[in-house]
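As a starting point, one isolated chain is supplied in structure tokens, in the form predicted alone.
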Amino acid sequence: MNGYGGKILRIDLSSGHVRTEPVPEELARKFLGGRGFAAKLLYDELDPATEPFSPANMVVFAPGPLSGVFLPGSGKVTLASKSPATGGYGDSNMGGHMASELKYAGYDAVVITGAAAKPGYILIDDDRVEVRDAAKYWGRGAIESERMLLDDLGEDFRVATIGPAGEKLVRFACVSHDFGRQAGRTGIGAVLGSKKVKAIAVRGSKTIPLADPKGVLAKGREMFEACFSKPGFKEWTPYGTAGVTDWVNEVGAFPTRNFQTSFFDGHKEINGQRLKEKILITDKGCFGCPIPCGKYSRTKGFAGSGREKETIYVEGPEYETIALLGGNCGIRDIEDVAYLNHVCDELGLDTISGGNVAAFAIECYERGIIGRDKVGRELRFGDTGSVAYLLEQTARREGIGDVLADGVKAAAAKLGGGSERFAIHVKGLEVSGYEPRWAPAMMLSYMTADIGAHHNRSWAITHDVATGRDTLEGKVDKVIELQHTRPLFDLLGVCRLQWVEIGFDLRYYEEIFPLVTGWKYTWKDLLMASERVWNLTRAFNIKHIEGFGRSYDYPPARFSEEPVPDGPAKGKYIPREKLDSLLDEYYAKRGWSKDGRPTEAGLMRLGLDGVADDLARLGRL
């Protein structure tokens, strides 16, 4: 098939068996690739009784049909598994060069099952696949391990690693690649850790078959030129995602002190401008990137067991890290945020969940729910040492960190004392960097995201600001529109930032897709595939989580019961009755039941007849 490597690689770590199989054309036509392949493979092959850390759980690496092709931002790969953070469907998207390398090695999906008896790493060198001993890398930091593996294997490999957090099964451990690109969300790093997989190293030398090579070259060139000519191109590149910090704060949506409020008076010291002035070395982009959002920086901090501060290099911090390790923890210096970014990167912790967990622990300490005897030291918002200490404890499951390592939902259940009210999550996944108490579309985006509270499924905060934040009208329609458009990029294997940040025209994807694959899909056809996957991942959660439905879509009590205390959003919150109104309308427009379950008719409309039969057999339609 044009646009595809053509093979699915399966690695069973328990038996050591490795095999390949051709990609079925029906799979490609209905689910496109990337997250579509991952979701379909997980739904079809994973038994609902499988626990996230069971050897039977799967980890899927899946690039898309546009990954590795000459066009802007074509370097995205999806990593997916049954999530240890939520117990449901989990995935995370990663840039860098892994997606293109997998395609050049001939693979559209790598499926990892079983568990090794001892630490190992997977080497994929075109058709040669081996599981090698990783004893020398086990226990090392994620960034350090990548450097060591490249030194050992050669710079022409692409390497993804886990850190100590993944090895210790921290439920929000991430996967790191390219010295600072992360598949951060849903705990994929912990699943690899449970399988004793320290790293995956890939080298490919094959070509991607194209339906119209000359047409792809011409259209790809046109797409790059269109990016460079956009008015926002020069404004975006100097700061990357850090450039939105001031705007988010000014509209009253900046997470501050564990989401207690939504305005941070220290934001000017941790914004894109300060990053550029104080710590930036150079820009850093992923495969095919014309608008590099990565900011390679230097800061000062403690490395390893050293007691003297030294120069540390880190990619970042990007906006989400600034929001959650910065404002949400009360940190007022971009150098300190960059240092905490480095700590998370080496430990292999998602900076979004990491910042949430640290802030949650500090608030628990301030409220007397946990004391110094349990924590081992004083904790304060605004104290970099407090945050770094909590991150280290969590990654190594030491002391209070053993409680925090399971995420804020589970930690609150253990700690009690009313801490459930300020455990900021949906479905067990910590909320990312937009405070939604004066943003109903953004709130609904968090509530209904399939993996839990994550902004990348439907970044609706700009719609809230543009159309009025005190009205619910039109919010549901926009959220559904975004939940089809934004995830489509993950199916195709390309970056969405060209569209989001500089207004790149979506028509280009409709034009490039048939040139790559030979399939005359319209934009409507592509969106239908995205809607199909959205319903499939919802069905996965219903199949795998007993009682899954409406109750799982509510946000924490803080968002629906506590008015924002200060700043531009002072006095704002979205009460339960308005949340119910949003959910009622959302479910109706999705064609789901009042409890948020897809219907037989809706599933069949999307060509998911087998899923409808499956859920009916389980009594969960």
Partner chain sequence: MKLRLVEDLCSGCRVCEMVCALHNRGEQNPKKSAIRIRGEFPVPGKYHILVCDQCGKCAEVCPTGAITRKDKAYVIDRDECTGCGLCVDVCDGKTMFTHTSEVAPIKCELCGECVRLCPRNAIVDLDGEIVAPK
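Numbering follows the first chain given and starts at 1. For clarity, every value in this text was computed on a predicted model and none was experimentally measured.
The next section is about a form of this same protein that is not shown, the form predicted in complex with the partner chain.
The candidate stretches are 286 to 294, 518 to 526, 482 to 490, 431 to 439, and the one lying within 4.5 Å of the partner chain in the predicted complex by heavy atoms is 286 to 294.
Shown here without its partner, the chain carries 206, 224 and 234, all of which come within 4.5 Å of the partner chain in the predicted complex through at least one heavy atom. Residue contact with the partner chain in the predicted complex: residue 158 places a heavy atom within 4.5 Å of it.
The shortest heavy atom separation between residue 381 and the partner chain in the predicted complex exceeds 4.5 Å. Among residues of the shown chain, residue 552 is not one whose heavy atoms approach the partner chain to within 4.5 Å in the predicted complex. The closest non-hydrogen atom of residue 135 lies beyond 4.5 Å of the partner chain in the predicted complex. Checking 464, 91, 101, 108 against the partner chain in the predicted complex, a heavy atom within 4.5 Å turns up for just one residue: 101. Interface residue among 592, 559, 70, 31, judged by heavy atoms within 4.5 Å of the partner chain in the predicted complex: 70.
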